[in-house]
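So this one's two forms of a single chain, laid out as C-alpha coordinates and tagged structure 1 and structure 2.
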Structure 1
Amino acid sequence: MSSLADNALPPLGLRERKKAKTLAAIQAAALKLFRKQGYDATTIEQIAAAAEVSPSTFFRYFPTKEDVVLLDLTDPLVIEAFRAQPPELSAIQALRNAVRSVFDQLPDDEFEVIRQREELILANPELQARMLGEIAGMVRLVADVAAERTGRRADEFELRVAAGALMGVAFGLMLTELDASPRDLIALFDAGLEQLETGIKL
(Lines of atoms letter the chains of each structure in order from A and count residues from 1; the text may use other names and numbers.)
(Lines give C-alpha, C1' and ligand atoms only; values in the text may rest on other atoms or scores of the structure.)
Protein backbone atom coordinates (compact mmCIF):
# COMPACT_ATOMS: atom_id res chain seq x y z
CA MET A 1 0.00 0.00 0.00
CA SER A 2 1.30 3.46 -0.80
CA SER A 3 2.14 5.75 2.09
CA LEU A 4 1.69 9.39 2.86
CA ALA A 5 5.34 10.01 1.99
CA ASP A 6 4.80 8.37 -1.41
CA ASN A 7 1.71 10.50 -2.10
CA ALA A 8 3.09 13.85 -0.99
CA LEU A 9 1.94 16.93 -2.92
CA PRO A 10 4.14 18.48 -4.20
CA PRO A 11 6.72 15.66 -4.55
CA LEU A 12 9.26 15.41 -1.75
CA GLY A 13 12.97 14.92 -2.29
CA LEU A 14 14.63 11.64 -1.30
CA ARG A 15 15.86 12.98 2.04
CA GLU A 16 12.43 14.34 2.98
CA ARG A 17 10.75 11.09 1.90
CA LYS A 18 13.09 9.02 4.09
CA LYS A 19 12.48 11.34 7.03
CA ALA A 20 8.70 11.16 6.55
CA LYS A 21 8.82 7.34 6.44
CA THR A 22 10.91 7.19 9.62
CA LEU A 23 8.56 9.60 11.39
CA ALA A 24 5.56 7.55 10.28
CA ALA A 25 7.16 4.27 11.37
CA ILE A 26 7.95 5.57 14.85
CA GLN A 27 4.49 7.07 15.21
CA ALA A 28 2.79 3.84 14.06
CA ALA A 29 4.80 1.80 16.57
CA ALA A 30 3.95 4.25 19.34
CA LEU A 31 0.22 4.26 18.59
CA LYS A 32 0.16 0.46 18.61
CA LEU A 33 1.78 0.41 22.04
CA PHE A 34 -0.51 3.13 23.35
CA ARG A 35 -3.55 1.06 22.34
CA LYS A 36 -2.10 -2.08 23.90
CA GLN A 37 -0.80 -0.82 27.23
CA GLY A 38 -1.91 2.80 27.57
CA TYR A 39 -0.24 6.12 26.87
CA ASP A 40 1.17 6.74 30.35
CA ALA A 41 2.52 3.19 30.73
CA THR A 42 4.44 3.28 27.45
CA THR A 43 8.08 4.38 27.57
CA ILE A 44 10.21 5.96 24.90
CA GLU A 45 12.55 2.98 25.09
CA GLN A 46 9.64 0.65 24.28
CA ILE A 47 8.59 2.80 21.34
CA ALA A 48 12.13 2.87 19.95
CA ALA A 49 12.43 -0.91 20.27
CA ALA A 50 9.06 -1.48 18.57
CA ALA A 51 10.06 0.86 15.71
CA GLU A 52 13.48 -0.84 15.45
CA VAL A 53 15.40 2.37 16.06
CA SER A 54 17.67 3.45 18.90
CA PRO A 55 16.42 5.81 21.63
CA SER A 56 18.86 8.42 20.30
CA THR A 57 17.21 8.13 16.86
CA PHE A 58 13.82 8.57 18.51
CA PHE A 59 14.99 11.80 20.16
CA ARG A 60 16.42 13.03 16.87
CA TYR A 61 12.88 13.04 15.48
CA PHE A 62 10.75 13.58 18.59
CA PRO A 63 11.80 15.71 21.58
CA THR A 64 9.13 14.10 23.82
CA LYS A 65 6.57 11.29 23.84
CA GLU A 66 3.83 13.91 23.44
CA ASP A 67 5.34 14.97 20.11
CA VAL A 68 4.78 11.46 18.72
CA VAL A 69 1.03 11.90 19.15
CA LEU A 70 0.90 15.53 18.07
CA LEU A 71 2.81 15.03 14.82
CA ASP A 72 0.48 15.40 11.85
CA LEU A 73 2.33 14.43 8.69
CA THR A 74 -0.44 15.87 6.53
CA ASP A 75 0.09 19.44 7.79
CA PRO A 76 3.17 20.29 5.67
CA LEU A 77 1.56 18.66 2.63
CA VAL A 78 -1.57 20.79 2.99
CA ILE A 79 0.48 23.96 3.48
CA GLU A 80 2.58 23.28 0.37
CA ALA A 81 -0.53 22.45 -1.65
CA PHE A 82 -2.10 25.67 -0.30
CA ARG A 83 0.91 27.65 -1.54
CA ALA A 84 0.65 25.98 -4.96
CA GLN A 85 -2.96 26.96 -5.64
CA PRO A 86 -3.69 29.48 -8.44
CA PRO A 87 -3.40 33.09 -7.21
CA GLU A 88 -6.85 34.04 -8.48
CA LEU A 89 -8.52 31.78 -5.90
CA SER A 90 -9.59 33.20 -2.55
CA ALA A 91 -7.71 31.92 0.50
CA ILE A 92 -10.65 29.75 1.52
CA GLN A 93 -11.06 28.30 -1.97
CA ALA A 94 -7.31 27.62 -2.12
CA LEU A 95 -7.33 25.88 1.27
CA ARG A 96 -10.34 23.75 0.31
CA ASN A 97 -8.55 22.65 -2.86
CA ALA A 98 -5.35 21.96 -0.92
CA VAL A 99 -7.10 19.79 1.68
CA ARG A 100 -8.91 17.79 -0.99
CA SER A 101 -5.73 17.30 -3.06
CA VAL A 102 -3.93 15.78 -0.06
CA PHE A 103 -6.69 13.76 1.56
CA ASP A 104 -8.27 12.41 -1.61
CA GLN A 105 -5.15 10.26 -2.09
CA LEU A 106 -4.56 9.34 1.55
CA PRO A 107 -4.68 5.56 2.20
CA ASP A 108 -7.20 4.17 4.68
CA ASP A 109 -4.52 3.14 7.18
CA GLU A 110 -3.28 6.70 7.41
CA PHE A 111 -6.81 7.95 8.04
CA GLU A 112 -6.83 5.43 10.90
CA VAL A 113 -3.66 7.02 12.31
CA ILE A 114 -5.45 10.38 12.34
CA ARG A 115 -8.39 8.87 14.24
CA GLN A 116 -6.14 7.21 16.81
CA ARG A 117 -4.22 10.43 17.39
CA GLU A 118 -7.41 12.40 17.95
CA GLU A 119 -8.73 9.83 20.44
CA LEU A 120 -5.50 10.01 22.45
CA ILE A 121 -5.48 13.81 22.46
CA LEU A 122 -9.08 14.04 23.64
CA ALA A 123 -8.42 11.51 26.41
CA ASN A 124 -5.29 13.22 27.76
CA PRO A 125 -5.42 16.76 29.29
CA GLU A 126 -1.68 17.30 28.79
CA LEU A 127 -1.96 16.46 25.11
CA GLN A 128 -4.99 18.74 24.79
CA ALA A 129 -2.98 21.63 26.25
CA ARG A 130 -0.12 20.98 23.85
CA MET A 131 -2.58 20.70 20.96
CA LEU A 132 -3.75 24.25 21.57
CA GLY A 133 -0.19 25.41 21.01
CA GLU A 134 0.02 23.37 17.80
CA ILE A 135 -3.20 24.98 16.54
CA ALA A 136 -1.83 28.45 17.34
CA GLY A 137 1.23 27.61 15.27
CA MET A 138 -0.95 26.49 12.37
CA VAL A 139 -2.94 29.74 12.60
CA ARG A 140 0.28 31.70 12.17
CA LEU A 141 1.40 29.45 9.31
CA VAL A 142 -1.92 29.76 7.46
CA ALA A 143 -1.80 33.53 7.97
CA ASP A 144 1.74 33.58 6.53
CA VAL A 145 0.66 31.68 3.41
CA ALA A 146 -2.47 33.83 3.01
CA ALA A 147 -0.24 36.91 3.26
CA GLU A 148 2.03 35.52 0.55
CA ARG A 149 -0.98 34.97 -1.70
CA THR A 150 -2.54 38.40 -1.10
CA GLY A 151 0.50 40.64 -0.69
CA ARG A 152 -0.69 41.67 2.78
CA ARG A 153 1.21 41.56 6.07
CA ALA A 154 0.87 38.30 8.00
CA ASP A 155 0.51 40.15 11.29
CA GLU A 156 -2.57 42.09 10.19
CA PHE A 157 -5.36 41.52 12.68
CA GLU A 158 -7.93 40.78 9.96
CA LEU A 159 -5.67 38.15 8.41
CA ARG A 160 -4.99 36.48 11.77
CA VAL A 161 -8.72 36.41 12.54
CA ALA A 162 -9.44 34.77 9.18
CA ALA A 163 -6.68 32.19 9.71
CA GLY A 164 -8.01 31.50 13.20
CA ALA A 165 -11.46 30.90 11.79
CA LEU A 166 -10.08 28.46 9.21
CA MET A 167 -8.24 26.45 11.87
CA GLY A 168 -11.25 26.74 14.16
CA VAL A 169 -13.16 24.55 11.72
CA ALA A 170 -10.59 21.78 12.19
CA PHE A 171 -10.55 22.18 15.97
CA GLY A 172 -14.33 22.16 16.28
CA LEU A 173 -14.48 19.07 14.11
CA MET A 174 -11.94 17.25 16.27
CA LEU A 175 -13.99 17.97 19.40
CA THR A 176 -17.44 17.10 18.11
CA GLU A 177 -17.32 14.57 15.28
CA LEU A 178 -15.05 11.77 16.50
CA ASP A 179 -17.67 9.08 15.78
CA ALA A 180 -17.69 9.88 12.07
CA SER A 181 -15.48 7.91 9.70
CA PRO A 182 -12.14 9.60 8.88
CA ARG A 183 -13.14 10.22 5.27
CA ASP A 184 -16.47 11.68 6.41
CA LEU A 185 -14.51 14.07 8.65
CA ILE A 186 -12.73 15.51 5.63
CA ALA A 187 -16.07 16.07 3.91
CA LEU A 188 -17.32 17.79 7.06
CA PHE A 189 -14.18 19.93 7.20
CA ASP A 190 -14.78 20.99 3.59
CA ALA A 191 -18.40 21.80 4.46
CA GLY A 192 -17.19 23.91 7.37
CA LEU A 193 -14.85 25.86 5.10
CA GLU A 194 -17.74 26.35 2.69
CA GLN A 195 -19.75 27.83 5.56
CA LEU A 196 -16.97 30.34 6.17
CA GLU A 197 -16.83 31.14 2.47
CA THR A 198 -20.55 31.81 2.17
CA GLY A 199 -20.95 33.41 5.59
CA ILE A 200 -21.96 31.75 8.86
CA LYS A 201 -25.30 32.85 10.27
CA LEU A 202 -25.47 32.46 14.08
Structure 2
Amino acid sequence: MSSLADNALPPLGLRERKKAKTLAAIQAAALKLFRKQGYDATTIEQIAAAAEVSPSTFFRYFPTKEDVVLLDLTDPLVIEAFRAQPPELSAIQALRNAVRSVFDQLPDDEFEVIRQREELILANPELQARMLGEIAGMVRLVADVAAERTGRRADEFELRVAAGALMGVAFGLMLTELDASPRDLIALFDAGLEQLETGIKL
Protein backbone atom coordinates (compact mmCIF):
# COMPACT_ATOMS: atom_id res chain seq x y z
CA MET A 1 0.00 0.00 0.00
CA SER A 2 2.72 2.38 -0.95
CA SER A 3 0.03 4.50 -2.54
CA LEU A 4 -1.34 5.10 0.89
CA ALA A 5 1.76 6.92 1.97
CA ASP A 6 1.84 8.84 -1.30
CA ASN A 7 -1.80 9.83 -1.05
CA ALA A 8 -1.57 11.03 2.53
CA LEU A 9 -1.34 14.71 3.25
CA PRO A 10 1.91 16.14 1.90
CA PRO A 11 4.61 15.09 4.32
CA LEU A 12 5.35 17.98 6.63
CA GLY A 13 8.23 16.55 8.51
CA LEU A 14 9.97 13.50 9.73
CA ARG A 15 7.10 12.73 12.04
CA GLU A 16 4.48 12.69 9.35
CA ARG A 17 6.64 10.71 7.01
CA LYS A 18 7.39 8.23 9.71
CA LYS A 19 3.69 7.79 10.49
CA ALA A 20 2.79 7.14 6.89
CA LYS A 21 5.63 4.72 6.60
CA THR A 22 4.60 2.86 9.74
CA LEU A 23 1.00 2.60 8.61
CA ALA A 24 2.05 1.23 5.28
CA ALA A 25 4.46 -1.21 6.93
CA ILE A 26 1.78 -2.52 9.27
CA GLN A 27 -0.69 -3.00 6.48
CA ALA A 28 1.82 -4.65 4.16
CA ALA A 29 2.93 -6.99 6.94
CA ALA A 30 -0.66 -7.86 7.75
CA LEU A 31 -1.69 -8.55 4.18
CA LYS A 32 1.39 -10.70 3.69
CA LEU A 33 0.73 -12.77 6.79
CA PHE A 34 -2.96 -13.12 5.96
CA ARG A 35 -2.10 -14.47 2.55
CA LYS A 36 0.52 -16.81 3.96
CA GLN A 37 -1.35 -18.31 6.88
CA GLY A 38 -4.91 -17.04 6.76
CA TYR A 39 -6.70 -14.21 8.41
CA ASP A 40 -7.91 -16.01 11.50
CA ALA A 41 -4.60 -17.69 12.20
CA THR A 42 -2.75 -14.40 12.09
CA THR A 43 -2.59 -12.56 15.41
CA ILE A 44 -2.09 -8.90 16.07
CA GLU A 45 1.14 -9.76 17.83
CA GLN A 46 2.49 -11.42 14.70
CA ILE A 47 1.53 -8.47 12.55
CA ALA A 48 3.05 -5.99 14.97
CA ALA A 49 6.26 -8.01 15.22
CA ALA A 50 6.52 -8.28 11.44
CA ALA A 51 6.00 -4.52 11.15
CA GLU A 52 8.45 -3.94 14.01
CA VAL A 53 5.99 -2.07 16.22
CA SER A 54 4.22 -2.98 19.43
CA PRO A 55 0.63 -4.26 19.45
CA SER A 56 -0.53 -1.05 21.09
CA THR A 57 0.95 0.88 18.19
CA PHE A 58 -0.92 -1.36 15.80
CA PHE A 59 -4.16 -0.21 17.42
CA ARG A 60 -3.12 3.39 17.11
CA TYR A 61 -3.01 2.97 13.38
CA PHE A 62 -5.93 0.61 12.83
CA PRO A 63 -8.98 0.52 15.11
CA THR A 64 -9.49 -3.19 14.56
CA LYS A 65 -7.81 -6.12 12.90
CA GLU A 66 -10.49 -6.03 10.22
CA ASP A 67 -9.66 -2.47 9.27
CA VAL A 68 -6.26 -3.52 7.98
CA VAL A 69 -8.09 -5.29 5.19
CA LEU A 70 -11.05 -2.99 4.86
CA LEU A 71 -9.23 0.30 4.37
CA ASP A 72 -10.15 1.41 0.87
CA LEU A 73 -9.21 4.63 -0.84
CA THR A 74 -10.99 4.24 -4.13
CA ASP A 75 -14.55 4.73 -2.87
CA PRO A 76 -14.06 8.39 -1.89
CA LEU A 77 -12.41 8.95 -5.28
CA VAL A 78 -15.45 7.54 -7.06
CA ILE A 79 -17.78 9.82 -5.07
CA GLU A 80 -15.56 12.80 -5.78
CA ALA A 81 -15.48 12.00 -9.48
CA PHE A 82 -19.25 11.43 -9.45
CA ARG A 83 -19.73 14.91 -8.00
CA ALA A 84 -17.43 16.46 -10.55
CA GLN A 85 -19.25 15.12 -13.62
CA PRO A 86 -20.86 17.64 -15.97
CA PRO A 87 -24.38 18.52 -14.76
CA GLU A 88 -26.02 17.77 -18.09
CA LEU A 89 -25.30 14.05 -17.79
CA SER A 90 -27.92 11.78 -16.31
CA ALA A 91 -27.02 10.44 -12.88
CA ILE A 92 -26.41 6.98 -14.30
CA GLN A 93 -24.15 8.35 -17.01
CA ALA A 94 -22.30 10.40 -14.43
CA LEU A 95 -21.76 7.38 -12.21
CA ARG A 96 -20.52 5.37 -15.17
CA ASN A 97 -18.02 8.07 -16.02
CA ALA A 98 -16.89 8.38 -12.43
CA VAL A 99 -16.24 4.66 -12.01
CA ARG A 100 -14.49 4.57 -15.36
CA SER A 101 -12.24 7.52 -14.61
CA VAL A 102 -11.15 6.17 -11.22
CA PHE A 103 -10.43 2.66 -12.47
CA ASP A 104 -8.72 3.85 -15.64
CA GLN A 105 -6.23 5.72 -13.52
CA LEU A 106 -5.45 2.97 -11.07
CA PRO A 107 -1.88 1.71 -11.33
CA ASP A 108 -1.66 -2.03 -11.80
CA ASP A 109 -0.03 -2.63 -8.44
CA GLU A 110 -2.86 -0.83 -6.66
CA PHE A 111 -5.41 -2.84 -8.52
CA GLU A 112 -3.55 -5.96 -7.52
CA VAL A 113 -3.75 -4.97 -3.85
CA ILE A 114 -7.46 -4.33 -4.22
CA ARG A 115 -7.83 -7.78 -5.69
CA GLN A 116 -5.96 -9.38 -2.86
CA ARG A 117 -8.03 -7.57 -0.31
CA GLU A 118 -11.14 -8.74 -2.07
CA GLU A 119 -9.97 -12.33 -2.02
CA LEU A 120 -9.39 -12.05 1.71
CA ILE A 121 -12.80 -10.52 2.18
CA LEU A 122 -14.48 -13.29 0.25
CA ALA A 123 -12.70 -15.91 2.32
CA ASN A 124 -13.73 -14.48 5.68
CA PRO A 125 -17.33 -13.98 6.83
CA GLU A 126 -16.52 -11.23 9.33
CA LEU A 127 -14.71 -9.28 6.63
CA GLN A 128 -17.57 -9.83 4.24
CA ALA A 129 -19.98 -8.46 6.77
CA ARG A 130 -17.86 -5.38 7.34
CA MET A 131 -17.44 -4.89 3.60
CA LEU A 132 -21.18 -5.00 3.16
CA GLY A 133 -21.47 -2.24 5.74
CA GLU A 134 -19.07 -0.16 3.65
CA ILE A 135 -21.16 -0.87 0.59
CA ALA A 136 -24.29 0.30 2.38
CA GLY A 137 -22.51 3.52 3.29
CA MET A 138 -21.59 3.98 -0.35
CA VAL A 139 -25.23 3.55 -1.33
CA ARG A 140 -26.09 6.45 0.93
CA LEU A 141 -23.40 8.67 -0.52
CA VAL A 142 -24.37 7.84 -4.10
CA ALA A 143 -27.99 8.63 -3.27
CA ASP A 144 -26.90 11.98 -1.83
CA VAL A 145 -24.90 12.96 -4.90
CA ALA A 146 -27.59 11.69 -7.25
CA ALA A 147 -30.10 13.82 -5.35
CA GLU A 148 -27.90 16.89 -5.80
CA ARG A 149 -27.62 16.21 -9.50
CA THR A 150 -31.30 15.57 -10.10
CA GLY A 151 -32.73 18.20 -7.75
CA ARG A 152 -34.51 15.59 -5.64
CA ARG A 153 -34.40 14.88 -1.98
CA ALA A 154 -31.93 12.18 -1.04
CA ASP A 155 -34.57 10.31 0.95
CA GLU A 156 -36.95 9.88 -1.98
CA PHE A 157 -37.83 6.27 -2.29
CA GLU A 158 -37.17 5.95 -5.99
CA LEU A 159 -33.78 7.52 -5.61
CA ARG A 160 -32.76 5.19 -2.88
CA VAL A 161 -33.88 2.13 -4.76
CA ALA A 162 -31.90 3.27 -7.76
CA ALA A 163 -28.77 4.06 -5.76
CA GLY A 164 -29.01 0.72 -4.00
CA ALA A 165 -29.43 -1.16 -7.25
CA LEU A 166 -26.53 0.64 -8.88
CA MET A 167 -24.10 0.01 -6.07
CA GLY A 168 -25.34 -3.52 -5.58
CA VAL A 169 -24.52 -4.30 -9.16
CA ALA A 170 -21.13 -2.58 -8.95
CA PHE A 171 -19.98 -4.45 -5.90
CA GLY A 172 -21.62 -7.67 -6.97
CA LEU A 173 -19.55 -7.65 -10.12
CA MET A 174 -16.35 -6.68 -8.35
CA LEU A 175 -16.76 -9.53 -5.90
CA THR A 176 -17.61 -12.17 -8.49
CA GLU A 177 -15.36 -11.17 -11.37
CA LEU A 178 -12.14 -11.64 -9.48
CA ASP A 179 -10.11 -12.37 -12.57
CA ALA A 180 -11.30 -9.37 -14.56
CA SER A 181 -9.03 -6.47 -15.43
CA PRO A 182 -10.17 -2.94 -14.56
CA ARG A 183 -11.14 -2.44 -18.16
CA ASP A 184 -13.24 -5.59 -18.18
CA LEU A 185 -14.91 -4.61 -14.92
CA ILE A 186 -15.89 -1.28 -16.32
CA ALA A 187 -17.40 -2.93 -19.37
CA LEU A 188 -19.33 -5.36 -17.20
CA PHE A 189 -20.54 -2.51 -15.00
CA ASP A 190 -21.74 -0.69 -18.12
CA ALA A 191 -23.66 -3.74 -19.26
CA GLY A 192 -25.17 -4.13 -15.81
CA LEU A 193 -26.26 -0.50 -15.74
CA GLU A 194 -27.86 -0.92 -19.12
CA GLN A 195 -29.80 -3.85 -17.80
CA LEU A 196 -30.95 -1.85 -14.80
CA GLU A 197 -32.13 0.93 -17.08
CA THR A 198 -34.25 -1.36 -19.19
CA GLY A 199 -35.52 -3.32 -16.22
CA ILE A 200 -34.86 -6.70 -14.69
CA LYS A 201 -36.80 -9.31 -16.57
CA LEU A 202 -36.61 -12.54 -14.68
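So that the term is clear: the rigid core is the largest set of C-alpha atoms that superpose within 1.5 Å between two forms. Residue numbering: structure 1 sequence, from 1. Bear in mind that the values here come from a model prediction, so they are computed numbers and not experimental data.
Visitor: The same chain appears twice here, once per structure, so which copy is the form predicted on its own?
Guide: Comparing the pair, one sees that structure 1 is the form predicted on its own and the remaining one is not.
Visitor: Once you line up the core, how about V161: does its CA shift reach 2 Å between the two structures?
Guide: Moves: no, less than 2 Å.
Visitor: Does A146 show a Cα shift reaching 2 Å between the two structures after rigid-core superposition?
Guide: Result for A146: no, shift under 2 Å.
Visitor: After superposing the rigid core, is the C-alpha displacement of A136 2 Å or more between the two structures?
Guide: No, its C-alpha moves less than 2 Å.
Visitor: Keeping the rigid core superposed, can you check how far the CA atom of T43 moves between the two structures, in angstrom?
Guide: Core-aligned C-alpha shift comes out at 3.9 Å.
Visitor: For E52, give the CA shift between the two structures in Å, the superposition being done on the rigid core.
Guide: C-alpha displacement of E52 between the two structures: 6.7 Å.
Visitor: For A20, what C-alpha shift in Å is seen between the two structures once the core is overlaid?
Guide: Displacement of the alpha carbon, after core fit: 8.5 Å.
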